[in-house]
Each structure stands twice: as structure tokens, then as C-alpha cells.
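In C-alpha cells, the next block holds one chain alone, the form predicted alone.
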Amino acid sequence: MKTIEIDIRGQICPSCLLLVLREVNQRHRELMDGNLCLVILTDNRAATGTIPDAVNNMGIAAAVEKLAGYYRIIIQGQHD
């Protein structure tokens, strides 16, 4: 599986959401087929809610991990 890391630390919503949705839309088939994992690095707490909600509504799974000073959002595969 291919992994793409996107560092959007320093960005604020809604630009965080828009940047990620652009990537998800461009790579939707790869994500749905399970061939791609997007790893989003953000320090914007609002993005930890808006991004997973948006991709879940598109049928794609997302998980959030809190790390030291930032968050990692992992987007991959189909949402159950």
C-alpha cells in the first residue's frame, strides 16, 4: 500500500479541510480500493473533527491520533 504524508501544520480551517478534500477527491479510487493511505499532520484541533467527518461521509475511514504538539489523521479504505 502506498502512503502519502501531507503536512498541513500551521494551516487553519477551513483551508485544512479544503486541502485534504482536494487530495481525497483526486485519489478517491485508490483510497476506496485500499491501495493508498493518506497521513495528514495538523496542529489545528478543529481539523481533527471536520476532516474525519467529511471523509466518513464519502465512505472512507479516518482515524485521529494525538501526538506531542500535533495530530495525525490516517485516511484509508472504506468506512464500515
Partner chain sequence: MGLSVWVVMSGLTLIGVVAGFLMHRSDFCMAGAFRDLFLFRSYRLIRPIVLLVCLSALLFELCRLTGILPIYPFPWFNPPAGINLFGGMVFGLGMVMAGGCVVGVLYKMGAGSLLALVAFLGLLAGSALYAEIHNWWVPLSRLTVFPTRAVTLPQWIGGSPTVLVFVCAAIGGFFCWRWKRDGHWTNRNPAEGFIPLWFTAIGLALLSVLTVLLCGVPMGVTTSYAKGAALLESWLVPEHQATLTYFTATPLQSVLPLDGILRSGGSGPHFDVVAIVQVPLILGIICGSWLSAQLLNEFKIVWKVPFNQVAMVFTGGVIMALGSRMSPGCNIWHLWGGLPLLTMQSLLFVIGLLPGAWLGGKILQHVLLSAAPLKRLNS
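The shown structure was predicted, so the numbers you read here are calculated from the model rather than taken from an experiment. Residue numbers count along the first chain shown, from 1.
Another form exists, predicted in complex with the partner chain; not displayed. Remarks below refer to it.
- For the chain shown alone, L19 is a contact residue for the partner chain in the predicted complex, at least one non-hydrogen atom being within 4.5 angstroms.
- When the partner chain is considered in the predicted complex, I4 lines it closely, a heavy atom lying within 4.5 Å.
- Though the partner is left out of this view, D33 does not reach within 4.5 Å of the partner chain in the predicted complex, counting heavy atoms only.
- The partner chain is not shown here, and in the predicted complex it never comes within 4.5 Å of any heavy atom of A61.
- Contacts to the partner chain in the predicted complex (heavy atom within 4.5 Å) from stretch 53-74: D53, V64, K66, G69, Y71.
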